[in-house]
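This document starts with one chain, in the form predicted on its own, laid out as structure tokens.
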Amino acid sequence: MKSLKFLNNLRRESRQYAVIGLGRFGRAVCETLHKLGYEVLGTDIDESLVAQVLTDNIVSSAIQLDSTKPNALKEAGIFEFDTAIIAIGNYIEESIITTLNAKEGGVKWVVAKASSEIHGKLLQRVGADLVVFPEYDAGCELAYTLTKPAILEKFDLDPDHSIVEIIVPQEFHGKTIEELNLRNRYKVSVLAIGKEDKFKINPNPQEKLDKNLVMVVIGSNKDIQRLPI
């Protein structure tokens, strides 16, 4: 729930993003934010990577700098941004120092990429507001896609619980939520039922499910896996 609260606050307040580290992950973050219309500053110690994001027009601006030096971050205006994404994953020391510099410099929201569990714990210790594990998350998503193709979207609340959007299983077609007794049988709760941009939130227990619709459920990952999807 801490992650959910953080993301909600970030979405309300952030209009400017600084992305530090322009490898594949950093580039993807820059490109997506830029396409969504946000102001994005990209930085990297490698001048060729900085030149490339400018050439590809996936940032508002970009600058070459050493993020382990607080003065360099300050002169680049990083400390004035709402959110900084530390996309340095393979150089643990630089990642940790940069995260510490950003927090001490006054950046309100700092998101940091981690390459291992220990790396993630160290990032949290120095003040990262949110730690992400892109390789791990991508692996989990692939596993779900291969084994549970009915799962359309998944949001992790914590390592053990999620909110997922799934296609209504054939076994549930024509039956009501009350008939299925999902809370007792599967220990999951239905938050919404619908399709595309039309959803019924907190549906009535007498609502009949349709195999052509999707439902949003919340529960533990183990219980969600037990659903016939």
Ligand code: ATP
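Everything numeric here is computed off the predicted structure, so don't read it as measured data. Start at 1 with the first residue shown and count on from there.
Not pictured, yet referred to below: the form predicted together with the named molecule.
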Within 4.5 Å of the named molecule in the predicted complex, counting heavy atoms only, one of 122-130, 67-75, 102-110, 137-145 shows up; tell me which.
67-75
E94 near the named molecule in the predicted complex, any heavy atom under 4.5 Å?
yes
Please tell me whether any heavy atom belonging to I85 falls inside 4.5 Å of a heavy atom of the named molecule, as the geometry stands in the predicted complex.
no
Classify E178 as contacting or not contacting the named molecule in the predicted complex by the rule of any non-hydrogen atom within 4.5 angstroms, answering yes or no.
no
Taking the named molecule as it sits in the predicted complex, is E171 in contact with it (heavy atom to heavy atom, 4.5 Å or less)?
no
With the named molecule left out of view, which of R24, K211, R15, K208 would have a heavy atom within 4.5 Å of it in the predicted complex?
R24
V188, I167, I45, I163 - the one with a heavy atom within 4.5 Å of the named molecule in the predicted complex:
I45
In the predicted complex: members of 200-229 within 4.5 Å of the named molecule, any heavy atom:
none
